[in-house]
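What follows is a pair of forms of the same protein chain, given separately as structure tokens and numbered structure 1 and structure 2.
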Structure 1
């Protein structure tokens, strides 16, 4: 039986999971693939660092170039993360005619065009199943399962760390920082957890999803991106009272004229299936014209779930290599064109809003808040005076730009003690 060689860049959480899966399930993989997969070189930053798996020390090097240039390596798996070095490594691998598997959504969001073009020119594959929703085979479902369909909209929970934090804040009323530390200890969070909690990791994934679903290149700089640092226990209480839960969402919509792309926490009705996607789990609801609604659910982060997705890509590349070897046909390319499509400006996006104020308790303050909103054409739906200095207002649907102007108005009211907190609502 033929053996194909893997060069691994990075031996952290996911790299260790890959080594473990290839060892534990070697026979089953060989039976399914008709070939063996072997890790032949591993590039790391520090050779002597303790690892989660045992590997042959002679395979480990700090010299990435040695891995890329090794003729025994046919498939390079990039798991170093980040954008700058990863770009160089991936382009270096492509240049040497290696197929590439990556889990790096930040890299694809920032340099996808360049990388896919380079791969196309060189006739090698780029696979990236683990870049969105970890172990859930979402990329394959979108690329292959829905290849004949037209996707109009998707709404997803694609950042496990944010979902884990919001779920535990809702269940346990524990502070944000403590729960984030747990997520880091369990290997869910990015090396820079700001990427998770400020929405950028989800934005990178949204970029990948927009390209797959709409054939559109949506730069993260053009998306509405908002994180979850300002969510407080009282927001969960209010959501519960109105039959909602708080979820960290990505939303993509193809409006034909333009693309809507946003990342933010939203209050969603608890009867939605997405409302039951809890903890580190991810879920993506997709609406397409022929199939209708479909939902993809599973573990979106963590060592073994992400490794499952990476190895699935390695197996697919290996199949391509084997089929090309047997048929003499060129390797198939599965590269989707990223077209320039207009992105709906952030200010034009429409939502209902939940606003939490801290106000000095004096007569007329509610009328002043309502007055500011009314001047921007925003209608109040409900008003709730909470204990202490807190007032909560929910609004009817309004544009982001109108709400932004209303915030300037709130800042001019002396009874408003701090910048109000805002959560978007969906129903």
Structure 2
């Protein structure tokens, strides 16, 4: 039976999970694939660092070049993260005719064009199932399962840390800072949580999804990206009263003329299926013309779920290698043609809005707030005077640019004690 060699870049959580899966399921994988998969070289920063799995020390090196150049390695798995070094390693592997598997959404968001073009020129595969939603086979469903369909829209929860924090805030009525500290203590959030709670991890994943679903390049810099640091327990109270929940969403829509791409917390109706996606779980709703709606759900992060996705890609690449060797036909390239598509400007995006104010308790303040919104053509849907200094307004649908101008007007009202808090609402 033929053996295919794997070169592993990085031996952290996911890399350790990959080694464990390949060892524990070696016979089952060989039976399904018709070949064995063997880790032949591993590049790490520190050779003597304690690991979660035992590996043959002779395979471990700090020299990435030795892994990329090894003729016994046919598939390179990049798990180092980041952009700069990862880009160099992936392009180096492709240049040497190695097939690449990566879980690196930041790399694909920033350099996907360059990497996919290089892979196409060299005639090698690059797979990235684990880059979005961890162990959920979303990429394969979009790339293969819906290959004959046209996707119009997707709405998803793709960052487990943000979803975990919002779920616990809703359940426990505790403030963001306390729940974040707990999440960090339990390992659900990084020491520097900005990539997750400020929306940038989700934005990188949104780039990947837009390329798959719409064949469009959507730079992170052109998206609406908003985090969840300003969400407070009172916001969950109001959401419950109107039959809604708060979820951290990515939204992509193909408007034919342009692409809509946004990342933010939203109040969504509790009857939506996405409203039931809680804790560290991910879920993505997809609407396509022939199939209609479909939903993809599962654990979005963690050592073993992500490793499952990485190994599934390794097996798929191995199948391509074996098929090409036996038939003499070229590899199946998994690259959808990208077209230049304009991204809808952030100011033109439309939502309903929830606005929470802290104001001086004096006559006329509600009329002043309503007047600012009316001047921008924004209609108020509901007003709620909460206990103390808090006022909540919800609006009918309006453009982001109109709301931003309204914020300038709110700043000129002396009874408004601080910048209002804003959450977008979806019907």
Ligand code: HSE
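None of the values given here were measured: they were computed from a predicted structure. Residue numbers count along the first chain shown, from 1. The term rigid core refers to the most C-alpha atoms you can superpose between the two forms while keeping them within 1.5 Å.
The form predicted alone is structure 2, not structure 1. Relative to the superposed rigid core, residue 291 undergoes a CA displacement smaller than 2 Å between the two structures. Once both forms are overlaid on the rigid core, the distance between the two CA positions of residue 181 between the two structures is 2 angstroms or more.
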